[in-house]
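First, one chain by itself: the form predicted on its own, in structure tokens.
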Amino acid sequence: MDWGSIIENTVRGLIGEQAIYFALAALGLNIHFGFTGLLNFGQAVFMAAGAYGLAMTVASEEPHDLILFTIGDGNGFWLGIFMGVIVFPVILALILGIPTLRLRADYLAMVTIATAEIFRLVARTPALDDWTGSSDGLTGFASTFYDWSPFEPRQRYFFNLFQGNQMWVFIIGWITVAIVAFILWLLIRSPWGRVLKAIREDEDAARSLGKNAYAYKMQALILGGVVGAIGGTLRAIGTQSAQPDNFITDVTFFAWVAVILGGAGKVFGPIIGSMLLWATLAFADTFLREGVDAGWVPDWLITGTQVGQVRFMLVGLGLVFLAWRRPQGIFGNKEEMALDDR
């Protein structure tokens, strides 16, 4: 058993790129569900909006009707960030929210999960190859970001955990998470945030006090979508690709696990939840593979090719135990899990 490799991969899972991307996705989902009571089962589509907003703006070689500016000399990167973080998710939130937020919570759930899958299938369409790259996706749009990196791409940093480009994503990513979490902490402590919690607890009571619940829910949907899109944009930069199958239903599932694991309705809960989720997956994967190679795990029980599936089974069992012993999550309160679905 190579315990050094096990520890290294676990620490990398705890603080690495995946933890960053899904911490942001979970923070956005926490605004929807944890603070406002909105059931969003399609957070992956907001992440995809961020990724494709950047990629379609920067990677398009020919001008199209939807691109209003000439891209060149790296200037398109900032336009792409604006499109991915602001324009695309805001438009998407309006499309999803206008017809559903006046209805019961389950309507938004159905619309979001359907929209996420529709987007993925449409992005894979060969007819849109010039725009989305079809099933191959888009690449070659993050060079400007890495040109700013002070790290040598082939050298390893931070106890040899990250190569140069990964280290740059690691630093920018956690700075982004810290800034977003601080802004959300201020917002939730403000009168606006208290109204969101009131809507979550009893929407009719909030309306009786003169609050426009529909407007507040729309604002929360937009803000949570923007935060999720930031996670998707960083993921596209970190992987240097925007590919449809990077935003399958599992992505939303991982974001939900992070929220529930850390504690819904707590600003820092989803961040801790994302870190623990990916650390657990990394530990289970490396430990099982080392155990199979060392003969500690018999072949009739698990083979090397089955480790990837077994690790998710173990995480699932852990979630069942958590739901039994502490359904509100590690840092959450039971009151935060209440949902007015009228």
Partner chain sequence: MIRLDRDNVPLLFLIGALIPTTIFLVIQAVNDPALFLETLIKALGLGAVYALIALGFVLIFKATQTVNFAQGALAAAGALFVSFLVADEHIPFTTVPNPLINIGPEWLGWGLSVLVALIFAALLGLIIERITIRPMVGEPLFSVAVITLGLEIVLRVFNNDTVKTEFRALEIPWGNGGTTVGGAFINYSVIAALITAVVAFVGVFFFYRSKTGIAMRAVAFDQEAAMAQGINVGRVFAIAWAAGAVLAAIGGIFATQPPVKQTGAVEPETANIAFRALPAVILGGLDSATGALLGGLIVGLAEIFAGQYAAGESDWLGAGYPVIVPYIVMIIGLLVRPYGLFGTPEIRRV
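Given the structure is predicted, the values throughout are model-derived calculations rather than measurements. Positions refer to the first chain, counted from 1. The term rigid core refers to the most C-alpha atoms you can superpose between the two forms while keeping them within 1.5 Å.
As for the form predicted together with its partner chain, it is not shown, yet the points below apply to it.
- In terms of contact with its partner chain in the model of the complex, the residue from T115, Q240, N246, S149 that brings a heavy atom within 4.5 Å is T115.
- The putative spot formed by E203, M313 and V320 is fully lined by its partner chain in the model of the complex; each residue has a non-hydrogen atom within 4.5 angstroms of it.
- Proximity of A109 to its partner chain in the model of the complex falls within the 4.5 Å heavy atom cutoff.
- Although the partner is absent here, I271 lies well away from its partner chain in the model of the complex, with no heavy atom inside 4.5 Å.
- At a distance threshold of 4.5 angstroms between non-hydrogen atoms, V169 is out of contact with its partner chain in the model of the complex.
- Among residues of the shown chain, S135 is not one whose heavy atoms approach its partner chain to within 4.5 Å in the model of the complex.
- Stretch-level contact analysis of 36-44, 50-58, 277-285, 290-298 against its partner chain in the model of the complex, using heavy atoms and a 4.5 Å limit, identifies 36-44.
- Within 4.5 angstroms of its partner chain in the model of the complex, the stretch 239-261 places a non-hydrogen atom from each of T249, D250, F253, W256, I260, taken in sequence order.
- Once you line up the core between the shown form and the other one, the Cα of V315 ends up 2 Å or more from where it was.
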